[in-house]
Ligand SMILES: O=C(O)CCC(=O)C(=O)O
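Let's start with one chain on its own, the form predicted on its own, as structure tokens.
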Amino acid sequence: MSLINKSFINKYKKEGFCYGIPIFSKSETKSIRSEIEALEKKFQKGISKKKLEQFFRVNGHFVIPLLANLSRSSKILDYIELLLGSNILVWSVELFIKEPGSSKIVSWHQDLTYWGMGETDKEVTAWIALSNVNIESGCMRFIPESHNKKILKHKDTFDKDNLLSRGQEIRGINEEDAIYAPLKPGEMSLHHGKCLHASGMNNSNDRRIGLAIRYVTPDVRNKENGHDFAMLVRGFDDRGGWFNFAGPRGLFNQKDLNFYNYVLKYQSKVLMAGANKNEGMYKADI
């Protein structure tokens, strides 16, 4: 392990997050952003009776090859392997986009709250900036060492300006304890599933675009604690708790769309468990 890699990993283990990791070059990042914005232009009327935003925010790697391929990037996986070991699956790929002047925010929360994975240390979120993500544009901020806490009580708000699935939030956070984590285009942050984090409004003149990839190990699930769906991206899975899939056949292939709908309905039972209502993107009205 190089000294720079070791520095990032040591920071992650101590504080529950690290940031500023160079992954994609300027030209690579520009190309990725262009592909995403080309999809927005092409599918502005939606796909299969759903808005494109639905697929950007929930399980896009099931139906969009670009997102599946990005999650398989060896540049990212080499860091993930240092934290999780050699057997790695992708549980979720999401795009978080805040338009210039947008009031959209992400409230204080812990990722693992509703995922049905328990308080595992075997999940890591890689967050890659596809635009300039600074304080003005609403970069993430973290509470150091909060990954050592238990999962805290969250309140569901279903707020229209909250990008989280249930508008979930933890109240009473001391903002003075927060560390801002700005990213240049192509840079990555990593954070633990219990690390407290949030992000603010985009007050800049450009779109704020981030790619979030949730990586897990086979150990997160086994035959006894139930199943979920994931894409194997490195090593092998011998635990039997994940339904492994290979990735999309092509862009919005009909068979993949059918599979997407099946998984959405399956996952909504866990991700919306206990909610008084479901107006979010996991609404199983299919």
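As the structure is a prediction and not an experimental result, all values here were calculated from the model. Numbering starts at 1 and runs along the sequence shown.
The same protein has a further form, the form predicted in complex with the ligand, not shown here; the description that follows concerns it.
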Taking heavy atoms and a 4.5 Å cut-off, does Tyr215 contact the ligand in the model of the complex?
no
So in the model of the complex, does Phe96 come within 4.5 Å of the ligand, heavy atom to heavy atom?
yes
Distance check, Asp111 to the ligand in the model of the complex, heavy atom within 4.5 Å:
yes
May I ask you to state whether Ser199 is within 4.5 Å of the ligand in the model of the complex, using heavy atom distances?
yes
Spot the stretch among 207 to 215, 80 to 88, 172 to 180, 67 to 75 with residues whose non-hydrogen atoms come within 4.5 Å of the ligand in the model of the complex.
207 to 215
Of Val124, Ile143, Leu130, Met140, the one that lies within 4.5 Å of the ligand in the model of the complex (heavy atoms):
Met140
